[in-house]
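Subsequent text provides structure tokens for two forms of one protein chain, presented individually as structure 1 and structure 2.
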Structure 1
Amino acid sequence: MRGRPVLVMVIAGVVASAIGIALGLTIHWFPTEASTQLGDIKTLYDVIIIVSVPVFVLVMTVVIGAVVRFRMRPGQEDQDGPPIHGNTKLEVLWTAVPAALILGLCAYSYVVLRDAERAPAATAPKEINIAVKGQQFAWTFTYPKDVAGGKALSTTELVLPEGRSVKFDINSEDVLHDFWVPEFGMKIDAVPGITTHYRITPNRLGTYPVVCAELCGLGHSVMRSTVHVVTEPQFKKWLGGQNKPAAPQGASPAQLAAAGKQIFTGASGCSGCHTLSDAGATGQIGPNLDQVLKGQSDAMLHQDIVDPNAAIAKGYGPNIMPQNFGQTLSESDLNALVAYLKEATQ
């Protein structure tokens, strides 16, 4: 009489665990897997599901079983349960088993972590080292000379060859950011004053989002970029097409403005915060440039960029726009930007 309901619970628990695990393993939890690292993390997650579903089911079955079997029935209002105070064997068991499970999970995670962070073997294709710079509210990627062909190459979108390990060296210009491509799995903060690292090996062609995962202020949610994983030949071809100077010496005003447009929509991240119809920018964080720049002189435009607190558009507070464009943009970039803004708004 007493054994049977427990048997029912055991069976129900096993069945529920099986269903729970099956469900847990079929749900598409993760984004498309585009790096070997994310692959290992997904396997780890499967193991987590297999271990934790039965634990949860155990608790649920006991609670539901107790509620069904031992709920107070009419007439029992004044009854008490049996005065059981403890059971040493049981207590040792439920200390030891979880401890063992948990240490097992830790050991396995350690292996996964080591694999994820290990440098590629000497026989593998040569690793690419890319510098990542976070800045309110944009990412800049710099390819080293030896990869880019003689001269370092800075871009605002990331292009990676499939199958080659990539090591990112990450730092920040201003506040904390966090460099994350969900499809790659790994992430780390960009910290002012230090350089952080991680590596991934892309293993799937495609285009994926780059996001900032660490709250970095107003534009945090629009601090996005794109990464393209391409084949090795495509990568070479793309590298070859870069590295032409944006605005060569003595450029015509039209060339200058074209270069400025590139800076506006790309590296400096202006378009993340501002609206400017000519550039197709629809940012909502800063003033609408179509409206506020009308009739400004070159000098004023220049000042708006390098010293944004000097004149603040109505309805906006100070210190919202980054203060450091004067340092991060070269003089020729600034000239190009000013030329472009002038052309686009007047």
Structure 2
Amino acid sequence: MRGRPVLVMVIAGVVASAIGIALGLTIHWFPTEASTQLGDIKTLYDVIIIVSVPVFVLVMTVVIGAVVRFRMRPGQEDQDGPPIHGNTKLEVLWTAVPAALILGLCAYSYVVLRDAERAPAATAPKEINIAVKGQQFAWTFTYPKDVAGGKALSTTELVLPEGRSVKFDINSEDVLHDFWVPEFGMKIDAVPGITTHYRITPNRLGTYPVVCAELCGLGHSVMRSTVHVVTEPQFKKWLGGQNKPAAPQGASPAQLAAAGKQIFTGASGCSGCHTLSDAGATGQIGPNLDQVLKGQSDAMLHQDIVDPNAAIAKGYGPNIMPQNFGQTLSESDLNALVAYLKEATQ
């Protein structure tokens, strides 16, 4: 073996490649798979690992072998290195093989991404189109009239039916954001003045985080929402309840507060950011409402919701709370929410 350095390098390279590939395929790089697209993306990632690990090992093996074999020995400090002339066959080989690998991976990646963006077949359940707007520091989701029934529905929480293709139309109202649900395996920039798109088909029931993957300002870390993947009947039931008034006309204070509690713990997402004992909410992103809302009038509570920068709690900065509740909540919803917060904190 001592007289066959190339054979030693080949054996070492094969062993190292096998170990590297095994480790690369064993590690769980991705979260729970909740869309059909993520499965194909994971397969693409595995293929890239299988191809790239041997290439990396080959390069490093040659480098290490060359360093060991051609290292300068004592007494050779003033000598020139051995004369080396080119090898055309070797140069063609190390150019053509990497080029073929890169072209093959590019073609495979193109096919996977093209399929991920492909519209559903005519025989598949009707696709849902949802507009996503990012703004410092909240996401707003708008369902069109034909989906929401009667009029468009805007909400800060995303609900999707399992097994139906969803096309997101994404834009930004202020700076660059990045719409990302890790469990769906897809993300894309939200750019002011430009509408970007992507499709997913949820295939696993559950609740998953919606995050911003682009550093967008001081409140970037709290620019989070939630997506609920539910069954088709649950989705229709949720839609049916969203455009109804929070409380019936002439509701009693108790009925109004009950409706407000439902809003607080439901699609508005308030309970995810605030602590409020009555609602069982333990969020830490925003102020503790048990402490900061004591003694506030109806007008002050209303302002806290629709214009949160007008009075900022001590220890918190501006623009942490979404600025769009005045648009996503109806007046009756706001009245119910104010009634509930007053009842729960006074």
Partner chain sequence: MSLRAPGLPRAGLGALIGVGLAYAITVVARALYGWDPVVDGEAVLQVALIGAPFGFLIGLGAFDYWFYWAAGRKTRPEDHSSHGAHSWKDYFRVNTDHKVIGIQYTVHSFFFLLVGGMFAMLVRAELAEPGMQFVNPNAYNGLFSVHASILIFLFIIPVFAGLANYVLPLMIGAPDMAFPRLNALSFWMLPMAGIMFLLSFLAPGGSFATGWTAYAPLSVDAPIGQVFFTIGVQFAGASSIATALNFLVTIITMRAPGMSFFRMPLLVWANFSTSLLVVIATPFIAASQFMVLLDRALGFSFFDAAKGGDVLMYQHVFWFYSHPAVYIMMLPGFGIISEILAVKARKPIFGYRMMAFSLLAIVVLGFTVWAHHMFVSGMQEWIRVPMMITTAVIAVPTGIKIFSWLATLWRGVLHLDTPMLFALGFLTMFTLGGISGVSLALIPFDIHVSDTYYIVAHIHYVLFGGSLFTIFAGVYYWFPKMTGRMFDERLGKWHFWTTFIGFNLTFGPMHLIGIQGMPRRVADYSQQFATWNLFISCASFVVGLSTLLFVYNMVVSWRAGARAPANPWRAMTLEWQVSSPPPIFNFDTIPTVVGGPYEYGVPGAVHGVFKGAEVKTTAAPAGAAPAGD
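Please read all numbers here as calculations on a predicted model, not as lab measurements. Residue 1 is the first residue of structure 1, and the numbers go on in sequence order from there. If you superpose the two forms and keep the largest set of C-alpha atoms that fall within 1.5 Å, you have the rigid core.
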Pick one: is 1 or 2 the form predicted on its own? 2
At a 2 Å cut-off on C-alpha positions, does residue 310 qualify as shifted between structure 1 and structure 2 after fitting the rigid core? yes
Just checking, between structure 1 and structure 2 and with the core aligned, does residue 123 shift 2 Å or more at the CA? no
If the two forms are fitted on the core, does residue 294 show a Cα displacement reaching 2 angstroms between structure 1 and structure 2? yes
Taking the rigid core as the frame, how far in Å does the Cα of residue 69 move between structure 1 and structure 2? 4.9
